[in-house]
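As a starting point, one isolated chain is supplied in structure tokens, in the form predicted on its own.
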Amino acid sequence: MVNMLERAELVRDQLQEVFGDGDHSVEIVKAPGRVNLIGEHTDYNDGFVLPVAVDREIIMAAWPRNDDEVHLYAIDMDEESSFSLERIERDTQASWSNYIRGVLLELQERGLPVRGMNAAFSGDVPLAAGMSSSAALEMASGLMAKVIGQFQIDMVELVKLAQQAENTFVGVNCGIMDQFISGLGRKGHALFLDCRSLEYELVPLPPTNEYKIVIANTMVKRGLVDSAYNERRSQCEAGVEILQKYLPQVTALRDVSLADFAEHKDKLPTVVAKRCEHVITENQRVLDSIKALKANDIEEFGRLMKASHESLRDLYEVSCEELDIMTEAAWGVPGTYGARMTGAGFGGCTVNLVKADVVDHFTAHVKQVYAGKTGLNPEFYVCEADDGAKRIEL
């Protein structure tokens, strides 16, 4: 696998090949993809999440122009897209450019001096695998605009702006977790995020020579996500509305304690109660996970990951046969600390914490079991926790 610095050199060379090699100092930035270790479907309930930035990233190289033109080259797709900063509109052909266009427009609307530029980018964040390649592209674009334009913007503000760009310009109603971890991740750490207050804390993970984060792709496209997401969200809101009659302080499920829920659970319709129970217990699992990691109790953290998957499968009902086969195969491998589905569900990936010295055995066993039962050939991405968006010096 090409390492980050080697890819940065390749991106720089491609930039010069496509746009000419003038008297420009080339700026290079990177922004990583991510995986969520625990805390699923809690974000839109004002809850808690625990993602990690991974060592797979978008790398962008650019230099400023002396006009208001932005010329982009997507190396991996061999596609170009250009526009003027005076008139930023959606591109229906090169739709990937909308993530960049939207971020630059949001920066402009805040009165920041965005400059024209020639830019090229490439990445090794797998597409459509739930590892947030879109958020990585947004954060790389925002950071590059800051570097080229030589203006100041706080990273948390850049995160909010990138989410806003995806919501309003791209038209995807995403939460803030993906941009947040891509911007503020740190090597060797997970990031505990309170999705209501945006307060965050970096939580140390065990040394990388002891374990690896293995992301396993079921190769099943997440077909039901939009309709199921909207349905689950409305069920959670219905639960809040009923619980408020008995617990007036509640504005979201994150406000409901385990004890309060046990007392009032029978007031809820059966399906709504199941959805609420997942979110309320999942929030507690995230809090318990922080304690386990701080105590270096990786066995307990793995137990919580397993409980999270079982809750997503049985209470929130967003797993699928393939995710369950993949996860159960992982649970059966000695040296697997924890395994669960990650992301919206109905396909996509599992996340696994695996002892470093058994990773090869783990991937071989899970692949054999999964392919044997589904006929599908899964992909595995062996990762480490890495830094968030930053400049790269060559």
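In this text, residue numbers run from 1 along the sequence as written. As the structure is a computational prediction, the values presented were derived from the model and not from experiment.
Heads up, the form predicted together with alpha-D-galactopyranose (GLA) isn't pictured, but that's what we're talking about next.
Checklist entry - Pick from Y229, W96, F192, F169: which has a non-hydrogen atom within 4.5 Å of alpha-D-galactopyranose (GLA) in the predicted bound form? => result Exactly one residue meets the criterion: Y229.
Checklist entry - With alpha-D-galactopyranose (GLA) left out of view, which of V159, A165, V286, M177 would have a heavy atom within 4.5 Å of it in the predicted bound form? => result Only one listed residue qualifies here, and that residue is M177.
Checklist entry - So which of 66 to 74, 364 to 372, 43 to 51, 348 to 356 is the stretch with heavy atoms within 4.5 Å of alpha-D-galactopyranose (GLA) in the predicted bound form? => result In short, 43 to 51.
Checklist entry - So in the predicted bound form, does any heavy atom of K30 sit within 4.5 Å of alpha-D-galactopyranose (GLA)? => result No.
Checklist entry - At the 4.5 Å heavy atom threshold, is A344 in contact with alpha-D-galactopyranose (GLA) in the predicted bound form? => result Although alpha-D-galactopyranose (GLA) is absent here, A344 would touch it in the predicted bound form, with heavy atoms inside 4.5 Å.
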